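First comes one chain, alone, set out as structure tokens in the form predicted alone.
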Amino acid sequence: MEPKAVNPEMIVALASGLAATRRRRIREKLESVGATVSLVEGSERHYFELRGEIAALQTLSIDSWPGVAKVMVLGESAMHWAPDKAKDCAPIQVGTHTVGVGELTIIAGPCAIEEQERALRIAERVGATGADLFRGGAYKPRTSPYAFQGLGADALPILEQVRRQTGLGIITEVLDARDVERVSQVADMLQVGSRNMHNYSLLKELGQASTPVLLKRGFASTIDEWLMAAEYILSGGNSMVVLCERGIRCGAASRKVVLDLGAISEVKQRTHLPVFIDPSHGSGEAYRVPSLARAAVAAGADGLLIEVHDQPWEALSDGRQALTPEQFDQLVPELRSIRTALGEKKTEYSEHVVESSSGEER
């Protein structure tokens, strides 16, 4: 019995009339990087069918090689779905909360854990208002080496106490691959911050973990670079990845970054992963957070990260962008109402029957 044929993952269309010696050189170069290459002879031009690791092949910029006319990708990476399948994101269990089931996930808490009493006070307040998960940084990467870097390992018992006392799942950032196991013992979701999106050693380690990961977009990264960072985690075997847009640097931006809400629809078209928005880091100012949060929900975000501090003017980290508990109390019902309205509208459209002029359904 002949082995079952494996469909090609990439087609390389060669330039018309390309000499056999040039074709051979291109083929040898493709095979040297691990591709299995088959020649298809056409009437006007020849083609190569490629099989192998599609993500690796895509990094080669094959379409820029001399003698190559066009490259067509047929295979899918660990994250990519065809557009007709990209309807709902895959559900991910974070503690007792499920992300990606058509509901809006709201994560709230201070930028950094400062001390236990304050962390518990804020957690109880946001939990009572309707937050699904509690965020609080134990390790804080800061631009200045003199800025507050977080409590580090001393914050982990505080986060554990928050979970025990409030029942909220915990999300906190991990900076070093060596800390993944230790932080995973406390956190229900591990956050990769903007500065660490290109920390490939960390991403590879998270690919071996059994804890969900929230991957923030680098503040100077393209969407393709962001998705490839996610691919490091997914290809390692950890399928529980949530993407988070947190603002990108732009010459026209005030307070350093501008929030790219268009990334929501782009990423949803290209992946099955839940997409969150961080309107706090995406604005840098508390007064902008509510409007950006509402816009994100309207644009189809699956979740939000909102910084909340009971005394923002005293916060040791990013107090300028933190909402007060009272502001958060007012915002949450508005966000839930927008999501409910969108859900009702979606159902209305899906159940609507269009009739032709003859009265027949179509």
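Residues carry their position along the shown sequence, with the first being 1. Quick caveat, the model's predicted, so the values are computed rather than measured.
One more form of this protein should be noted, the form predicted together with a small molecule, which is absent from this view; the next part is about it.
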4.5 angstroms heavy atom contact with the small molecule in the predicted complex for V183: no
S283: touches the small molecule in the predicted complex, heavy atom cutoff 4.5 angstroms: no
Interface membership of R288, the small molecule in the predicted complex, 4.5 Å heavy atom rule: no
In the predicted complex, K268 touching the small molecule (heavy atom, 4.5 Å): no
One stretch from 160-168, 200-208, 94-102, 139-147 that, in the predicted complex, holds residues within 4.5 Å of the small molecule by heavy atom: 139-147
Output flag, E173, R195 and R246 jointly within 4.5 Å of the small molecule in the predicted complex, heavy atom basis: yes
A123, M240, A230, C111 - the one with a heavy atom within 4.5 Å of the small molecule in the predicted complex: C111
